[in-house]
Ligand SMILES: C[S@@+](CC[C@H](N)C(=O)[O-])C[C@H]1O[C@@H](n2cnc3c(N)ncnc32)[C@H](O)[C@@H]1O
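In structure tokens, one chain follows: the form predicted alone.
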Amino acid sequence: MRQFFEKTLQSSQSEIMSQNLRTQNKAYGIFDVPFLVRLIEAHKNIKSALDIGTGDGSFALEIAQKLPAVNFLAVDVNANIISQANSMATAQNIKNIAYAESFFDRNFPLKTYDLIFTKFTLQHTHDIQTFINEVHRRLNPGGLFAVIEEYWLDTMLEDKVWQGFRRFMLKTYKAFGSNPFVPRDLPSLLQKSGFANIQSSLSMNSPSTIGIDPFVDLLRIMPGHVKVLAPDKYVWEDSFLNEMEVWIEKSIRTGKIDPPIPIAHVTAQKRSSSS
């Protein structure tokens, strides 16, 4: 949800946002980190990488820590959380990553990279095709674009509370003018921008795959994130959240059901100059 909020957030709000994003990245990172690390390790020519919409920076920092031969630049529009991310990298003595306050659009510097990646950003982008076009311009020939997005088209479980959770998530996306179905459309958008070797897969983030506590934390963070940082767009009903808490104890913690949050992993490659 990192792009739901403007760069004018107060420092106290930014700290809450950073804490929530760290919790989110820790849960989803069980699949997302290996996905990106394997991608980079499989392409030995990757020496430079750009992370667009880095949020609190913890995801990019973990990748950089595992791949010291790659130089990372991570950007976000929120100055406060970028400052916190820089402090985090300094404290951990990770020298192959830099953070910068920046908005990615046509005016973003035209330096090129071997890899550009973005996590939970495209769903909140108003003109996705232009965004992808600009990514394409900033990749070296043969460079890779990797996208990680939540996919709320189908939660694949017929459960009253779980379907209610999905319904409120879709209402939240609508309140912010965001598109929860980007993974469905992304392959064709990438193709229109000239990308090749497009691949898409889903990881299923459920209590059995990422752990009960991380999954429950995700459920609680999503409505809480909006309530604190953008109360004018808060659509969740207290009665439903109370029902969900009972459901967590009776259905999730007992192992009665195993609801998944699908995450799309999409990659594409810029054609080489000889193609």
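Note that the structure is a prediction, hence the values are computed from the model and not measured. The first residue of the shown sequence is 1; numbering continues from there.
One more form of this protein, predicted together with the named molecule, exists but is not displayed; see below.
Engineer: Does the named molecule come within 4.5 Å of any heavy atom of M17 in the model of the complex?
Structural biologist: So M17 counts as contacting the named molecule.
Engineer: Check whether R166 has any heavy atom within 4.5 Å of a heavy atom of the named molecule in the model of the complex, and answer yes or no.
Structural biologist: Answer no; every heavy atom of R166 is more than 4.5 Å from the named molecule in the model of the complex.
Engineer: Does the named molecule come within 4.5 Å of any heavy atom of F120 in the model of the complex?
Structural biologist: F120: yes, in contact with the named molecule in the model of the complex.
Engineer: Using heavy atoms and a 4.5 Å limit, would one call L50 a contact residue for the named molecule in the model of the complex?
Structural biologist: L50: no contact with the named molecule in the model of the complex.
Engineer: So, W152, R184 and M204: all three within 4.5 Å of the named molecule in the model of the complex by heavy atoms, or not?
Structural biologist: Verified in the model of the complex; spot residues all out of contact, no.
Engineer: Just give me the single entry in I198, V77, A146, I94 that has a non-hydrogen atom within 4.5 angstroms of the named molecule in the model of the complex.
Structural biologist: Of the candidates I198, V77, A146, I94, V77 is the one lying within 4.5 Å of the named molecule in the model of the complex.
Engineer: I need the one stretch from 69-77, 83-91, 175-183, 138-146 whose residues put non-hydrogen atoms within 4.5 angstroms of the named molecule in the model of the complex.
Structural biologist: One stretch meets the cut-off, namely 69-77.
Engineer: For the heavy atom contacts within 4.5 Å of the named molecule in the model of the complex, list the residues of 84-107 involved, in sequence order.
Structural biologist: S102, F103, F104, in sequence order.
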